[in-house]
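Only one chain is included here, represented as structure tokens and corresponding to the form predicted on its own.
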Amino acid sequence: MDNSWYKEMAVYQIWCRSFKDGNGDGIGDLYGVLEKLDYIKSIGVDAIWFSPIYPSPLADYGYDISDYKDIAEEYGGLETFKKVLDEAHKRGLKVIMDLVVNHTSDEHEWFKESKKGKDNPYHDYYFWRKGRGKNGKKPPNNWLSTFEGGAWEYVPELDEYYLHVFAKKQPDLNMDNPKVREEVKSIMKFWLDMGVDGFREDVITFISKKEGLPNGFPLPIATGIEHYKKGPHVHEYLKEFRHDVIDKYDCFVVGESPMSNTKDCLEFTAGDDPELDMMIGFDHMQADCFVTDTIAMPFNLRKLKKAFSRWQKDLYGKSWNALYIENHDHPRIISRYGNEKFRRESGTMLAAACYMQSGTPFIYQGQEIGMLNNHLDDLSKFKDVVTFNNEKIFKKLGVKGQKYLDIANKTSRENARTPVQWDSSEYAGFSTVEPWFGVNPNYKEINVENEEKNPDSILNFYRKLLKVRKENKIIIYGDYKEHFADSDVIYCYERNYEGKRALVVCSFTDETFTFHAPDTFDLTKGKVILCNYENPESRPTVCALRPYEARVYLYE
């Protein structure tokens, strides 16, 4: 199948629980998605990616799945999903599902069966091991989970431990078992046969663990990750999924791969027999932190540019980039890399900086209206397992109380999970009753209704941006060359394709900045095809950029 259509589309990510409540119970659902399909289409996107909406006990808000072949009743059930799928397709929108097969919920039937005994046929669906030490009371190895303390959980009735590299209620599947791989292929076929157009595959590079599960290098979190980040059989298993299922359908797959670089990406996505079509990397999301969002540092533009440029240059002509600056796992980008006092200006500039590159844009719900981080006044108002695990880690370091609350408010991924702000009515038009999670108090100013009314809004800029991409193949397929890499104020790069050139200029300061163009560009001869201000005047070699101004010049 030629599935290269994914290169020219843009994707809108829905974290359903916080998108829109359509049945009045305070929880976002598929009824709400049905209501808003025309709005989603109006943004200019071509596909919807649903974060998990399967049945789940919600220990990790849906990434702990208890049934892979159904839709949670609180979201509307399978029949409502089929209606969403049909209505989306009628509007020319493809639908992408989240595939989470590194682990299941501990309430999945497979795991319930595996706990019944060592002779149960499902026991080997997971990693069960005896403990170490004289009494067998020590975990099988020193691995730590990324979410919740040690990576092993003891089950007294079996006198064995099971492995979970995420939360305790997310036991890892043993992909070395051929029966497990057949289950994964069956799941894929189930949704593809229904008409789903592809998958975003969660932490997919973690699915193979090193034989013997040896001790790992001691780290504050995720000790042992070097033994499963890119395990010994991961390529073999992904090729099996690709050849046996994916290649038989007109669909695409994008893999999430934490702590991966461009070399890793090319291993999975390049060549004549790629295992994935794209990879979601994290390098560019570390410009204001160290390794993880939780260890905050001052924003560093050069670090951001270096990451963007590395992925653009290393992948060009060999693979394909997934472009994003927000999703369900990161705080809001304006609050991180932009300026809340210049919300419209910095929000639109950041969009141009990212989405004028080569790759497929992924836009997260609320991003297109410039939603900001929330600021909760008490830790009890948070919901996420990661927030509370981080609290324990910081407490050991002497950081607690208000100090940790300040960190959580700045760095928690829950900032991306507040209800979408639709209008200025009570509960931001998300629901008619109190929502499952608090609405950001700024909803009366920041909401879809207000953005629709303002022709210069962030929302309308996103519409213009996606239109510019569709109308100019150079933005999708052109090569990439960065200018002024050492600048702490300007991000500037050029694109070249089939005799055309484009120059992208983005200012990262709240002051007016005198920009001197690269030697090979005359600013008066370029047509400004995108700008977040009116009247972008230029002299041949210089222009005055206003706070957080973004311009795209096209030379034909």
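Keep in mind that this is a model prediction, so the values were computed, not measured. One-based numbering along the sequence shown.
Not pictured, yet referred to below: the form predicted together with alpha-D-glucopyranose (GLC).
- Among heavy atoms of E494, none comes within 4.5 Å of alpha-D-glucopyranose (GLC) in the predicted complex.
- Within this chain, D329 lines the site of alpha-D-glucopyranose (GLC) in the predicted complex, having a heavy atom no more than 4.5 Å away.
- In the predicted complex, none of the heavy atoms of D46 sits within 4.5 Å of a heavy atom of alpha-D-glucopyranose (GLC).
- Contact check for H103: a heavy atom falls within 4.5 Å of alpha-D-glucopyranose (GLC) in the predicted complex.
- This chain is displayed without alpha-D-glucopyranose (GLC), yet in the predicted complex the stretch 194-202 from 131-139, 194-202, 401-409, 112-120 comes within 4.5 Å of it by heavy atoms.
- Checked against alpha-D-glucopyranose (GLC) in the predicted complex, the candidates Q170, S346, N321, N447 yield a single residue with a heavy atom inside 4.5 Å, and that residue is Q170.
- F147 is the sole member of Y462, Y355, F147, W311 with a non-hydrogen atom lying within 4.5 angstroms of alpha-D-glucopyranose (GLC) in the predicted complex.
- Shown without its partner, the chain has D60, Y63 in segment 46-81 as residues with a non-hydrogen atom within 4.5 angstroms of alpha-D-glucopyranose (GLC) in the predicted complex.
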